[in-house]
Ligand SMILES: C[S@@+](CC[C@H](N)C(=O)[O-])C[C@H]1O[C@@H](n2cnc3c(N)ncnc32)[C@H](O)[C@@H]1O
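Below sits a lone chain in C-alpha cells, taken as the form predicted on its own.
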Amino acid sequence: MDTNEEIWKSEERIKRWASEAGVREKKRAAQLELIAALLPFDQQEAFTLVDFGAGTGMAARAILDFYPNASAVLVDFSPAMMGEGAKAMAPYEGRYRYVEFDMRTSSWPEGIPAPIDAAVTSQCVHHLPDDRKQGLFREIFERLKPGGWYVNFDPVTASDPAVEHVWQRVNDRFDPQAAYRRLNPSPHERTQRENHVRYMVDIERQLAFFRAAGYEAVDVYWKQLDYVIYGGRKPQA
C-alpha cells in the first residue's frame, strides 16, 4: 500500500521531520550550492524559480541565498509541510509563496507560473511511480522557457546487485547505526523505509525519461553512491 500521503500529511510526522531539517541541510549544503550554480543566471539577476515538492524549502532557500534578487514558488501537496515551511521561510518574506499541488496528478493549478524560468526537485521524485515521473518531466519541459533548466536531486537504485552491496557497505561505514536500523527496524522505520524505496528506480531509466521529454545537456552532474544530481535544459527556440 502506498503510504506516501499518510506520512507526508501527518502533522505529527512532519513536525518530527522538520525538527531534523537543520542536520539534513548542513549535510547537503555543497550539493544544494551546486544545484544553484547549475542554473544559468548571473548572481544578481532577477528570475523566478519553481521548487516542486518543496517541503520546507530546503532547495529554494539555498538558491535564494545564491541569487539575492531571485524569487521562488514553492509547490507542495501537504498543508502540514507548508505550515512548517512558512516558519523556515520567514527570513525570505516577500521573495516566495507556496502553491498547493499534488504531483501525482497532471492538473496544474493556476498559481504555478508559466512559462517557468527554472525548476528544481529535491528528495521527492522518487516517491512517484514511473508514469508520473515521465509525466512530470514532460510537463515541466513544456512550461520551461527556452534555455530554462530543470535539476533534480534524489536517491536512486542500483541496476547491479554488486553495486548495491558496495553502496550499502560504504553507507554503513559513514553511519555505524545504519546496519542495525536496517536489520532491526521499528514499525515506524519500516513504514518509512517501504515508502522511501517503493517507486525508486535507477539513474539510467530517469535520464532516458529526461531525454524522451526533450531536454538537452542531460547529465549526472554529481553523484555519491545512491544520491545523484541530474538535469537538463530546454533547447533554445
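Just so it is clear, the model here is predicted, and its values are computed rather than measured. Numbering starts at 1 and follows the sequence shown.
Omitted here: the form predicted together with this ligand. The next part is about that form.
- Site annotation in the predicted complex: the residue of 138, 95, 104, 145 reaching within 4.5 Å of this ligand with a heavy atom is 104.
- In summary, among the residues 71, 157, 134, 123, the only one with a non-hydrogen atom within 4.5 Å of this ligand in the predicted complex is 123.
- Using a 4.5 Å cut-off to this ligand in the predicted complex, each of 54, 58 and 78 places a heavy atom inside that distance.
- The stretch in contact with this ligand in the predicted complex, judged by heavy atoms within 4.5 Å, is 123 to 131, chosen from 107 to 115, 86 to 94, 161 to 169, 123 to 131.
- Although the partner is absent here, residue 17 lies within 4.5 Å of this ligand in the predicted complex, judged by heavy atoms.
- Residues of 180 to 216 placing a heavy atom within 4.5 Å of this ligand in the predicted complex: none.
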